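Below you will find one chain, with nothing else, as structure tokens; this is the form predicted on its own, and questions on how it binds or moves follow later.
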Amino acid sequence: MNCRIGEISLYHQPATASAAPASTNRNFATAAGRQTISFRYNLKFPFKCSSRQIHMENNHSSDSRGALIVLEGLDRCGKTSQSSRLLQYLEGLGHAVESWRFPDRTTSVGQMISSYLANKSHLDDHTIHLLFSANRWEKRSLMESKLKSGTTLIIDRYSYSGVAFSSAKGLDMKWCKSPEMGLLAPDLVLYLDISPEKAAERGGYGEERYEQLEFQKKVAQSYKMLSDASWKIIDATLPIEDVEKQLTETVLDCVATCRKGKPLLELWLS
């Protein structure tokens, strides 16, 4: 669906009554360009870690928008099944909603990632991390457009996965976060909590590169370090219907808040 998007002005908090200078948009474009991936191993990103809010100027009386909802967790925790159930539930209530998944294997970058995950190619750990990040940046503009048009997005894996898995390999967590800074911050992160041992008992485990018990234990530890105020921890060992009930209740509250004009924020800039 093609949507006409109003002008975006970015400004640093606290907000003032005056309009943001025109140079702000140019500065953001330059910063985003610096983030768009370099494959040099000791990459450093010159970010100023300040929170930035995306102000939506449109013809509506309020800044009503869709919610950005992310499902995270270990492999085989049930994210994909619950994403599908959430999609059907919200559609049934008449909400505009889409389900996305990262990595998006339909893009050129995503196809490289898919080959790597299927053990058909081998890449340096820094390189694959930057590819995962690039895959998310490929979709950032469309993501913002969808949200501002009122569409809620349910995302199966996001930046938290990228950082958790790469840091579990031994990469510096701060370095792993750097190329993710400036992506849209989720309104709600639903972390499906399950022990690595329980996840390993589920069907299909071990089909992809990262589905190894000892590695998943390290990923779980990395996730704990990434938890923030946007996270809701859900017991993924409960019956699937009980997990769904908890998710839908939390998601409905989030969607209502975003429809009232909750501002969009950018990830890890504060």
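In case it trips you up, residue 1 is the first one in the sequence shown, and so on. Computed from a predicted model, the values in this text were never measured in an experiment.
What comes next is about the form predicted in complex with a small molecule, which is not displayed.
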field: residue 208, heavy atom within 4.5 angstroms of the small molecule in the predicted complex
entry: yes
message: Check residue 157 for me: does it contact the small molecule in the predicted complex (non-hydrogen atoms, 4.5 angstroms)?
response: yes
- prompt: Does residue 102 make contact with the small molecule in the predicted complex, using a 4.5 Å heavy atom cut-off?
  reply: yes
message: I'd like to know whether residue 187 contacts the small molecule in the predicted complex, with contact meaning heavy atoms within 4.5 angstroms.
response: no
- prompt: In terms of non-hydrogen atoms within 4.5 angstroms, which of the given stretches 160 to 168, 90 to 98, 191 to 199, 139 to 147 touches the small molecule in the predicted complex?
  reply: 160 to 168
- prompt: Which listed residue (153, 109, 117, 86) meets the criterion of a heavy atom within 4.5 Å of the small molecule in the predicted complex?
  reply: 117
